[in-house]
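Presented as structure tokens, the chain that follows is alone, the form predicted on its own.
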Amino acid sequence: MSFITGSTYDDSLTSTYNPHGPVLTSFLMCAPTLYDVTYVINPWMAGNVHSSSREKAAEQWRHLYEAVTQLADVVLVEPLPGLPDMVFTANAGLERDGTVVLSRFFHPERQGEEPHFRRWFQQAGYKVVSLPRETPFEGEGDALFAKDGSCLWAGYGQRTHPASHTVLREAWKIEVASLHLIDPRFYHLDTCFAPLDGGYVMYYPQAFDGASVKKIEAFYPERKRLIVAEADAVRFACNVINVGRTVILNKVSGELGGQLRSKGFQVVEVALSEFLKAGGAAKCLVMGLSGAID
């Protein structure tokens, strides 16, 4: 099912520096101890049920964990039996300044994660905001703050209902720019769009409708846009962990890596083939935390 509605975007929105933008202090991760592809809820899972190697996935995840801990603190949440996608912690919710808007998963297969993450955030001292069941929202997978903190980019059309964007706006009193996802392969915003340090953005334009592309282009000057080709997009090249001038991502083309380096980024590539089988890569495996943890 896709949700089609009008945009909540303010056409006057421009890219301006905000000194109070979110600063990440840590990332939430979940070890792939119980990871597997056990159902099909996105195109990448089709044909990959039980095809992943848990041993190889553990090795790839460890390499990602080691790369992330070179740049930031990592907090771990324990996996639970029967919830093989918990490893994709980006979908647990969206956090800023100690407030978490908890996810309401679209597919029943992932809804069992919700009470576990609710307990974790509450015990860690976060204020938790909940959405009604009838308003799907899939966390940081579908909502990404601009690096200067001036707006929140929020996807809709595959997993997240645009009605959730009103809750996001109210939670942080921030402008929300809604982007309509139209390609089922790019079912979350973080699979095809990545705000980067220095006012840059990586994105795959064909994942969006025309109006959404215009919003991106109105916010980011042409010199700040890195347009990703389909060959890299399907490797989840936009699924990037960005800390300062370092980007961590799955293996990508030499051309794209060169473009990132030419913009002053250090590129750290980590093979994540086992997670691609479930439709995820580097960014899907972390959730940014900016608030203090008790």
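Note that residue numbering begins at 1 and tracks the sequence as displayed. Keep in mind that this is a model prediction, so the values were computed, not measured.
Keep in mind the form predicted together with arginine is missing from the figure; the text below concerns it.
- Tyr187 is the sole member of Trp153, Tyr200, Tyr126, Tyr187 with a non-hydrogen atom within 4.5 Å of arginine in the predicted complex.
- Residue in contact with arginine in the predicted complex (any heavy atom within 4.5 Å), chosen from Ala90, Ala207, Leu179, Ala194: Ala90.
- Contact check for Val268: every heavy atom lies farther than 4.5 Å from arginine in the predicted complex.
- Put simply, Ser26 is far from arginine in the predicted complex: not one heavy atom of it is within 4.5 Å.
- Val234 falls outside the set of residues with a heavy atom inside 4.5 Å of arginine in the predicted complex.
- Proximity of Gly141 to arginine in the predicted complex: non-hydrogen atoms within 4.5 Å are present.
- Comparing 96 to 104, 164 to 172, 82 to 90, 129 to 137 against arginine in the predicted complex, the single stretch with non-hydrogen atoms within 4.5 angstroms of it is 82 to 90.
- Looking at 270 to 284, the residues that come within 4.5 Å of arginine in the predicted complex, counting any heavy atom, are Ala278, Gly279, Gly280, Cys284.
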